[in-house]
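Presented as structure tokens, the chain that follows is alone, the form predicted on its own.
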Amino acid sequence: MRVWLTGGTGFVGSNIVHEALTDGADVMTTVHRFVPEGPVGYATDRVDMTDEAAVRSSIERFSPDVVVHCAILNDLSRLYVDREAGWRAYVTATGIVADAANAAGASFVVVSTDWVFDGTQPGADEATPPNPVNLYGVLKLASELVALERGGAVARVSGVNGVHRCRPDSPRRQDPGFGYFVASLVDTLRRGEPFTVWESDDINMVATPSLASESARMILRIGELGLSGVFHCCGRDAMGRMALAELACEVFDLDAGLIRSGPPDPDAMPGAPVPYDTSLTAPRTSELLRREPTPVRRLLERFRTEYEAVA
């Protein structure tokens, strides 16, 4: 299999690259600011995602079987400052990549998010109507619609944790979402320092945690099968931040006595609404991929294995 993707040096994207290479695929990823050094086992191409001719040329040269679009403008505050740039980076780019994939005869998957829901729709499945509360969610939803109207697939992820395959040593910090939550907790507690679990009505307090490597394998499988429609590439169990922290302490053999509860860091707040409960269910995904969602304890056990392998 030949896989062309955007954002392959980012968190989720680097796991897609890693899992594809593990399965023996040929991989090319676009790069932007960060370019990996040395032999990495895959090709890179510096491409402006809003340049239709450049995207089409890159995909045509590589001739992929699967195209996965992961790259985003990952700065919620900036999206509000320059909404036109945000629209181009999300919606315009998705259309350009999807059209180029279709022209090359490749299947297309866009990676999306549980933040297309408003935080009052717990247990949302693939058919639940989205209702985003911030501009990031709006742009992701618009990108989903662009992909779906072109016959592509939407792979939503939720509360993604795991190892960043390109930059495993990069600092990991808690934020108003669930991404990197477990990694930041484990890093802190392994240094013997206390960790404050943020608790507030103004942040994402409940999600359905995912493991980046497992979500990556699901995304690749969707592309390999040439499926279309909406998929939820997440774990099985909805969980709050404190419960997830306590379970992570059990799995990683950490001192739960170092856990504290407190309000979020005001400097980390995005200045825009954040959905409270973005828990997902995945009946359609389970049926079409013929797999049951993984319990969160098992995801954490797998995460520990990955974490210690790169430590």
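It should be emphasised that the depicted structure is a prediction, and the values quoted were computed from it without experimental measurement. Residue numbers here begin at 1 and follow the sequence given.
The same protein also has a form predicted together with a small molecule, omitted here; what follows describes it.
Although the partner is absent here, Asp48 is a contact residue: one of its heavy atoms lies within 4.5 angstroms of the small molecule in the predicted complex. For the chain shown alone, Arg284 is not a contact residue for the small molecule in the predicted complex, no non-hydrogen atom being within 4.5 angstroms.
Contact annotation: Gly179 falls within 4.5 Å of the small molecule in the predicted complex, judged by heavy atom distances. When the small molecule is considered in the predicted complex, Leu299 lies well away from it, no heavy atom lying within 4.5 Å.
Note on the interface: of 235-243, 104-112, 194-202, 121-129, the segment with non-hydrogen atoms within 4.5 angstroms of the small molecule in the predicted complex is 104-112. Between the small molecule and the residues Arg83, Arg190, Arg173, Arg167, the one pair within 4.5 Å by heavy atoms in the predicted complex involves Arg167. Residue-level contacts in the predicted complex: of Leu185, Ile72, Leu79, Ile222, one residue has a heavy atom within 4.5 Å of the small molecule, and it is Ile72.
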